[in-house]
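Consider the single chain below, provided in structure tokens and representing the form predicted on its own.
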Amino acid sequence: MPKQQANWSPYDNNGGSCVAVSGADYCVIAADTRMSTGYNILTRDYSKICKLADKCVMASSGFQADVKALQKHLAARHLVPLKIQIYQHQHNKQMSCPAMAQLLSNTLYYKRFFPYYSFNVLGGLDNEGKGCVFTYDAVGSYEKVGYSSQGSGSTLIMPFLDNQLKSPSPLLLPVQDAVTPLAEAEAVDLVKTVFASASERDIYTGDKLEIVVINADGIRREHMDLRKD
């Protein structure tokens, strides 16, 4: 008999999808609540969205144990109230979403040789009150975009968003603003539509949709049911 070799991986992929869309004065971040491994559903009510600051939210897909470790690391090292107070005293302002984006990039890059198997989208409002979205790979390389998607359903969601939003190429000069032209309510409806569509074809996306809307008034949450099979 051929010799069999045992294989073991420290990583798993728990599926799920995340989407972020930025507008002139808002940002919409959404993720489904299904967490799976293989063909097994581990839970139908797991939030993939984490609040990092008053106007900055992160949604993560991938290996949820690493996502939780990343969130704990950020909380312990960077986002405890004392650290935020130090930042406020040094810069005379609260940490903005672009500053938090750089902080997350540094944290992921620090672990590049044994990376967090998490794929993140970060969204919120910048210093001018405009919506902004940052998309990441597992080792901290990131880009500011008008909209993005991560996770198992991203290959279905991104073509839909490209068709509907048509973000300008980052190679165009002069650089054009990446925010989408939709109103806030239209962006929320679009996010609901893309998840309803993705859940029809992706078995790892479903159960319930959690939507976080960030604007000048603060943070608002909405929920919508998705396919449960």
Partner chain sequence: MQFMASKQPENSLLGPESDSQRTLYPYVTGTSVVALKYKDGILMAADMGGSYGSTLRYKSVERMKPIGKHSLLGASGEISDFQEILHYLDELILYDNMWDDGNSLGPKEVHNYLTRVMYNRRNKFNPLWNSLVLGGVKNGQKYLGTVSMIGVNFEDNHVATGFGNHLARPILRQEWHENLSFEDGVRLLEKCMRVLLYRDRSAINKLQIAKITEEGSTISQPYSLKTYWEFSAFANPAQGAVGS
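Positions refer to the first chain, counted from 1. In this text the structure is predicted, and so the values were computed from the model without any measurement.
Omitted here: the form predicted together with the partner chain. The next part is about that form.
- Taking a 4.5 Å heavy atom cutoff to the partner chain in the model of the complex, the contact residue among Leu165, Leu42, Ala53, Ala196 is Leu42.
- Within 4.5 Å of some heavy atom of the partner chain in the model of the complex lies at least one heavy atom of Phe63.
- Residue contact with the partner chain in the model of the complex: His89 places no heavy atom within 4.5 Å of it.
- Put simply, Lys93 is far from the partner chain in the model of the complex: not one heavy atom of it is within 4.5 Å.
- Among residues of the shown chain, Met35 is one whose heavy atoms approach the partner chain to within 4.5 Å in the model of the complex.
- Residues of just one listed stretch (44 to 52, 183 to 191, 196 to 204, 23 to 31) have heavy atoms within 4.5 Å of the partner chain in the model of the complex: 44 to 52.
- Contacts with the partner chain in the model of the complex, taken as any heavy atom within 4.5 Å, map within 7 to 27 to Asn7, Trp8, Ser9, Pro10, Tyr11, Asp12, Asn14.
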